[in-house]
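Only one chain is included here, represented as structure tokens and corresponding to the form predicted alone.
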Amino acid sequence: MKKENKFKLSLQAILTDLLFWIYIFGCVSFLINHWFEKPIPSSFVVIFGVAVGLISFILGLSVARKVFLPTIRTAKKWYKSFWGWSVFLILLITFVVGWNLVEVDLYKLFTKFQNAGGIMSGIFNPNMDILIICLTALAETIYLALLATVFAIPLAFILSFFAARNLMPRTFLGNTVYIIVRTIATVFRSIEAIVWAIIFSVWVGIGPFAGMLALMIHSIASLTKLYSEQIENIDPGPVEAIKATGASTLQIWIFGVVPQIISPYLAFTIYRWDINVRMATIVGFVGGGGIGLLLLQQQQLLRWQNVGIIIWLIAAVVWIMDMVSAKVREKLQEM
């Protein structure tokens, strides 16, 4: 192993061990404060975490040693080694912290069912008198999702070529474009559609247009990632063959890349429309229009029978869309 590579691995291992044990002691500190109301200073957490992390690394027993720099001691089975029980500890303590943070209460879950009696009664006794109103709002939701997907496709298609590592040259300009496109796609995808809906509801006003814009932005970012990853997994043979003929970059993309990605692109697009139909309902809760907005209005008025018919219609459309999109994707994969 080269010295530079070994130094890099050692640095990664040490940092991993330090963060690993700081996290464990941080969780212990939280639980002690949560259960006994005895706060532990953050400095103590860091000191203990660093100390245990360094000791376990030096002794060759740590998790990071197992991952980056295996030793004879880390070669043992997990239940006979320090690193194995360390992993078990972090999983256990993460579960316990999550249980306490989320405030899981099984007693309430199984004994307070009567609080939701009105809702359940409304769901199983839907008000058919507002069926036409609901169908109109549902159609708005479906078309909202459709337009969001249609507008997102060309932009995501173009951006995906610039976000594919195997197509961008290893030059300063190529690396810069690749990093910028991937970063923008990641940031925009990490912001949920419901947040975009809030932004556009203020920007263009409450209604389906705001919902469509929100889903479009999120779809562009998500499809760019899916499309670019598909490009990165193509067979490089045709690309190299066309490049050898002296073809331009655009010709390489058109004749060497596009034929290999059409079918998966169509499958991803149909799946995204399926997702957008479901997300459009949630987007409606913050002013994005469609049946989600109608559902919010009826829920605020405590008209549970009206809520019932809306829920059944949403469930029916999602089920139909799921079945249809699955069949279409199956056929496309056979092409």
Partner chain sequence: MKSMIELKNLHKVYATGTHALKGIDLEVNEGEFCILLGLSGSGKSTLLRCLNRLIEPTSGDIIIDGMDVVAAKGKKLRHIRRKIAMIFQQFNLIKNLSSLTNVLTGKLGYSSLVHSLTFSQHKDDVKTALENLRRVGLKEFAEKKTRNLSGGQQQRVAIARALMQNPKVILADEPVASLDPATADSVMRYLGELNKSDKMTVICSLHFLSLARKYGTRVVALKDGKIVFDGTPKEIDEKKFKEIYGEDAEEVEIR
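All figures in this text were calculated on a predicted structure; none of them were measured in a lab. Numbering follows the first chain given and starts at 1.
Heads up, the form predicted in complex with the partner chain isn't pictured, but that's what we're talking about next.
Asker: For the spot marked by T94, G98 and D105, is every residue within 4.5 Å of the partner chain in the predicted complex through some heavy atom?
Answerer: Judged in the predicted complex, none of T94, G98 and D105 sits within 4.5 Å of the partner chain.
Asker: If contact means any heavy atom within 4.5 Å, which of 252 to 260, 113 to 121, 211 to 219, 139 to 147 contacts the partner chain in the predicted complex?
Answerer: It is the stretch 252 to 260.
Asker: Which residue among I242, I206, V195, V177 has a heavy atom within 4.5 angstroms of the partner chain in the predicted complex?
Answerer: Flagged contact: I242.
Asker: Of L89, A247, L155, I191, which one comes within 4.5 Å of the partner chain in the predicted complex, counting heavy atoms only?
Answerer: Among L89, A247, L155, I191, a heavy atom within 4.5 Å of the partner chain in the predicted complex occurs only for A247.
Asker: Even though the partner chain is not shown here, does D129 get within 4.5 Å of it in the predicted complex, heavy atoms only?
Answerer: Result no; D129 lies far from the partner chain in the predicted complex.
Asker: Against the partner chain in the predicted complex, would G237 count as a contact residue? Criterion: heavy atoms within 4.5 Å.
Answerer: Yes, G237 is a contact residue.
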